[in-house]
Structure formats: C-alpha cells, structure tokens
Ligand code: GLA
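Below, in structure tokens: the form predicted on its own, a single chain.
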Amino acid sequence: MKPIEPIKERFRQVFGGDPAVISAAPGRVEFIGNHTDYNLGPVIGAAIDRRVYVAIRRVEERLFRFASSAYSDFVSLDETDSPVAGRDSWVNYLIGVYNNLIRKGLSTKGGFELYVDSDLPTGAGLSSSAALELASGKALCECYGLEIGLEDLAVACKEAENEFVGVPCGILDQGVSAFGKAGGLVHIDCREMVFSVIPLADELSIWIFNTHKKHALVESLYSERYEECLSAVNGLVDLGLEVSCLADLSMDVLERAKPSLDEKIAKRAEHIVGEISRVETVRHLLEEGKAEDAGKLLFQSHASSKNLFENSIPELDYLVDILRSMPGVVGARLTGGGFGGAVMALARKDFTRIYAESVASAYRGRFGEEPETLECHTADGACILESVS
C-alpha cells in the first residue's frame, strides 16, 4: 500500500486544502474465465497489490474538479450529465459512477474536488478502470454518507462503465476489485451474483508480463466479441433451443448445433462453453490443493482464446509458449479482454526474478522491446484509508 501523505500533499497543491476522504481499490488479474462474465457464466479473478487511490472533498458550489497523477489535463465541470471529450476521457469513469450513485440516494447538493493517484499499470489488462470506479465509488459514499452494500457498489460501477463509458463489460472487474481477499481468489457466479473466495496456496504467486500493447476496450474488438456471443445465442434460439445466454448451453448440445451455425459464431460459442467448464474445474482443483492440475487448464484456456475466440496476439502467444518451458511455472494465459495487454503466470517460489528477466529478455530479442514484469500478491478489495467527514 502506498503511503497516503504524498497523495494528501498533492491534493493540497492542486486544490488548496485537505481531502476529506482517501480510498483505494486494487487492480485485478483475470485468473480464468475469458469473456465468460457477460455470458452469465462463472469467472475467477485475483485482486492484486497494485491500486488506484482517490482523494476527495465536497465543495458548496455546484462544481466538479478532477486531477490525476497519470494525466496532465485538469478537468472542471459544472454538469455531469454527459461524457466529456467524446467517450475517451478518464473522467468519464468517475462521473459515470457519481451519476449511478445518485440513483441509489447520493446527495446532489454542491460538488466535489477529486484527485487520483495509482501504482497500477494502465493498458495491461489489469483493469485500472474498475479500480478507479471502485475507489471513487467508495470515496463518494464515504464523503456523502451513503450506506450501500459492496455488491450494490460493484454493480453500480459496472453499470457506469456499460452505460456511461460504453464498454459492455461483465461484473468480473468490479466484482474482484470489490471482494478481493489477500491469500485468495474471487469466484463469481455471474448469473446469480454470488461472490466467494477460493484459497490460494502461499507458495504460489502471480506474475504479470505487460507487453505495453494498447488495451483500449472501447476501441478494440471487445464489443465485436460481445455481439458475436449474442449472435450465437440468437442463432441457437432460431434452431429451437431454449437458451437465454451461452451459460445455458452444454458442449454436447453445442456440438449438435454447430453445423447449423455460422462457423465463426460457432467458434466463439465453443470457447465460452469450454471456458465455463474450465472455470468450475479449476475452482474444484484449487479447493483440493491441486494447483498443478489447475495450471494445465490455464494453458488450455489460452489456447482456446487464441484459436476459437481469436482475441490473442502474437506477443501474448509467444510469452505463454516461453513460460510453458520455464521452471516453476504452473500455468499461463492471457489476462483481461485480450487484443494486447498482459499474460498472467501462476508460479511456485522457485520461479524467481532471474527467470522472469530471462523471459523478458527472450521477448525483447523477438519483438524489440521488453515487457514490464510484475510479481503480484493477492490483496484485499476496495477500502477507505482515511476519513475526516
């Protein structure tokens, strides 16, 4: 956890006073469950010890000021009813959450000043956007005295990203950032909105290899994959099957229906149905302490993302292939929406920093630039660090 005094000092420099509340929320690693969440299947994620921090105070005038350590632009608004700078501004995540919390009873009196700091890499598939949403949501609720459950807050943040920012994400990112636990993974039943924790053995760690390839979901093929999954459901309904989402489908039923579906659409459905099965198998294997067997399914998940869902890229495939041969690596796969971003590796303690650097060196020799390498530990979810409100 970063010390909060530098955050408070920067807030004073920008806004001329002390913040009333400082909050934090972790980034997340998609452990397994690639694109299963918006198909109402299960997913497993890990909250990690890299976080977004939000400092905030209320002001009497109807004015909203935003500043961030990561962006040079200072944004000042007197209305929050529409996205700023098209839909590309980082501020939209914040005002989207604010608007959604108003629906849940947040006061509309006056405005606020808000500053964002972070040690979480952006564009790496670690969901800095969800961490920003949860940290701001926690801060706003504390600052305004709104009592809201953690599940409702996660859903409000998801809806803000869906409706205000325009990304059709599921609950994975916000749910893991909200419900994360040190020493465990978060399992989400996305149909029933049930959150539970799976223990992760102490001798296992999560490594992230960030390719620095652009990971901008609004502009990427994420939305296209979402629509393709919807097309698969519609195609199955046209065949007379009673399905409302791909989580309703078994592989046996899909195999019989595949000849009647568009080939590309059938591949997308096959990935989702297979991935849902892998998620539940990994859950049981980890609960039984069989991490090595679970790791094999992580490699299978990546192969399915590459070949069936086609949301990997050569850089991610290369990293997974190299990691497969490294001592101590239990499993590896792309993490997040794909089309760039990062690879996650689950590894024992004998996978050291030296081995990680050798992976990065091999990647540099192939692609001409070195990936950022992070060893991550599981962490607790969104929280209030300081409050004087």
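So that there is no doubt, residue numbering starts at 1 and follows the sequence shown. This structure is a prediction, so every number in the text was calculated from the model and none was measured.
Omitted here: the form predicted together with the named molecule. The next part is about that form.
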query: Non-hydrogen atom within 4.5 Å of the named molecule in the predicted complex for each of 35, 222 and 336; finding: yes
query: Distance check, residue 169 to the named molecule in the predicted complex, heavy atom within 4.5 Å; finding: yes
query: Region of this chain that lies against the named molecule in the predicted complex, out of 234-242, 171-179, 191-199, 99-107 [heavy atom, 4.5 Å]; finding: 171-179
query: Those residues of 233-260 which, in the predicted complex, come within 4.5 Å of the named molecule by heavy atom; finding: none
